[in-house]
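Take a look at this single chain, the form predicted alone, given in structure tokens.
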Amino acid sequence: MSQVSTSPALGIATKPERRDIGLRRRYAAERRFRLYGMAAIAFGLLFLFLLLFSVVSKGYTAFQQTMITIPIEFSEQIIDKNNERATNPQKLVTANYPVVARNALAKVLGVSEDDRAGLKAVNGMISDSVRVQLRNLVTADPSIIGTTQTVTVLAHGDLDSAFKGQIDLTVPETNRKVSDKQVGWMNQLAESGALSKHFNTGLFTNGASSRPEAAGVGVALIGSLYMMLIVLVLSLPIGVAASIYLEEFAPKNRFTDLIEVNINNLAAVPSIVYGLLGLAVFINFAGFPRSAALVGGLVLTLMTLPTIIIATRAALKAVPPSIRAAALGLGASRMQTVFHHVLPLAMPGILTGTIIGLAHALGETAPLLLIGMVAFVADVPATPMDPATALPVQIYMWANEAERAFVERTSGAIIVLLIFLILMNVGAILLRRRFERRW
């Protein structure tokens, strides 16, 4: 078979030459596509790194808290001057404990009781939460009245920020909340070892507080836990049952097609719409209490169901039809085929979809704002019917605060939320590998 060619002198390429040019163009296009893909990945990773760096750099300091350890004299003249605690226990609750702490710190710093300006500056170094701390100590053991006890108290939020280096101390004194006198005392206490940074356990145990140094995500963590348990208990069995029926048993007609379309549409509905639905149905109609974890869990269940149903149906479809045919050929009923053969093989996809849905629900804020979970809650909820808040809502509330110390609290809470989300996604991967079967 002869090849058609022309003379190079005529400037016309031969067939082999045209083929080579086409191959080179395709290879060049493939290389460009790879470069575009690598650039897109690098671009996304860069923004992810900037996001994580911004959050971690601002929030890692929230896991430490500045504290002052001083000998405190529980003066009977201040706490119970007339010795009425035997007949009036309420006297110990209403005593002026901040003055007790202020006098103790003033004595350590050598500030006279007649120096009103000095005492005011000393009082600004101690957190107002000292009132509750000392009150609890005295009410638990009234015998410490009249004695001197070494107590570690929280430093004020401004002093905490200054000690962590978050306040520029080189600016004029009038432009910062910590005075030069307080900075000198801070350095003095730090040199003596009375002032130091400790692990901030209060971040995980305390509830909401107007004082940043005493604020924590304890209530939010318990509220989120209650809601996730409610979502898991309700959405998993309902979602899996609906998926099995639609995929394995429901007849293919217009009604089931309408249901499928609506499920897909519900998965794309903005989350705030579910908040409006929960407000209308669960609070206004059913009469459930506002800001309760139960209502939040029900709303998030409605929001999570479409995700679980779609993921479960996809997992059921991924099971080869030969599995069903083999089971039916051996005499198994359709119910036995589904629950003994199809469902175990689809379990990795079902678990993955469920955990992804839970992770999505854990980070939702908008629907919870509409049902009142943005309320100021300081006490840990004992039951899902008690007032509570959630971790993303707590982040939202702290982000609106004006104090500088709340900035690190906000970033610290974001780090805690990201850790939970990472753990949930890692759990989804591990469960998928654990239950995955190859055919």
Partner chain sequence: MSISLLLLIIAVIGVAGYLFGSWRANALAGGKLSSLHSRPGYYGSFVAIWSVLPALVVMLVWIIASPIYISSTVRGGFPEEVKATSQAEQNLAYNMIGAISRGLNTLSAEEREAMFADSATARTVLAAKGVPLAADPAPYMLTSADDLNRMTKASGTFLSILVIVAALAGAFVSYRAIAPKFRARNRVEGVMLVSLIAASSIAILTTVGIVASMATEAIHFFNMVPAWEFFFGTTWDPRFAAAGATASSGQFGLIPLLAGTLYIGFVAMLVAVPVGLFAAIYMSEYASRTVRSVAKPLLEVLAGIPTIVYGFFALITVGPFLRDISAQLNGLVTGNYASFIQAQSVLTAGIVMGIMLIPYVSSLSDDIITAVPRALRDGSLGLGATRSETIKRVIMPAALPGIVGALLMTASRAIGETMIVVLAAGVAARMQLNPFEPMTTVTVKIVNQLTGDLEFTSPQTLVAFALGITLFVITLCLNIYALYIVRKYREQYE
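Computed from a predicted model, the values in this text were never measured in an experiment. Positions refer to the first chain, counted from 1.
Unshown form predicted together with the partner chain; subsequent notes refer to it.
Enquirer: Does L418 reach the partner chain in the model of the complex, with heavy atoms at most 4.5 Å apart?
Expert: Residue-level check for L418: yes, a contact with the partner chain.
Enquirer: Does any part of T383 reach within 4.5 Å of the partner chain in the model of the complex? Heavy atoms only, please.
Expert: Result no; T383 lies far from the partner chain in the model of the complex.
Enquirer: So in the model of the complex, is the partner chain close enough to L229 to count as touching (4.5 Å, heavy atoms)?
Expert: Result no; L229 lies far from the partner chain in the model of the complex.
Enquirer: Can you check whether P89 is within 4.5 Å of the partner chain in the model of the complex, heavy atom basis?
Expert: Looking in the model of the complex, residue contacts with the partner chain do not include P89, since no heavy atom lies within 4.5 Å.
Enquirer: Let me know the one among A286, L169, L258, V93 whose heavy atoms come within 4.5 Å of the partner chain in the model of the complex, would you?
Expert: The residue from A286, L169, L258, V93 that makes the contact is L258.
Enquirer: Sort through 272 to 280, 121 to 129, 105 to 113, 78 to 86 and report the only stretch with a non-hydrogen atom within 4.5 Å of the partner chain in the model of the complex.
Expert: Residues of 272 to 280 come within 4.5 Å of the partner.
Enquirer: Could you list which residues of 229 to 247 come within 4.5 Å of the partner chain in the model of the complex, counting heavy atoms only?
Expert: Residues within 4.5 Å: I238, A241, A242, I244, Y245, L246.
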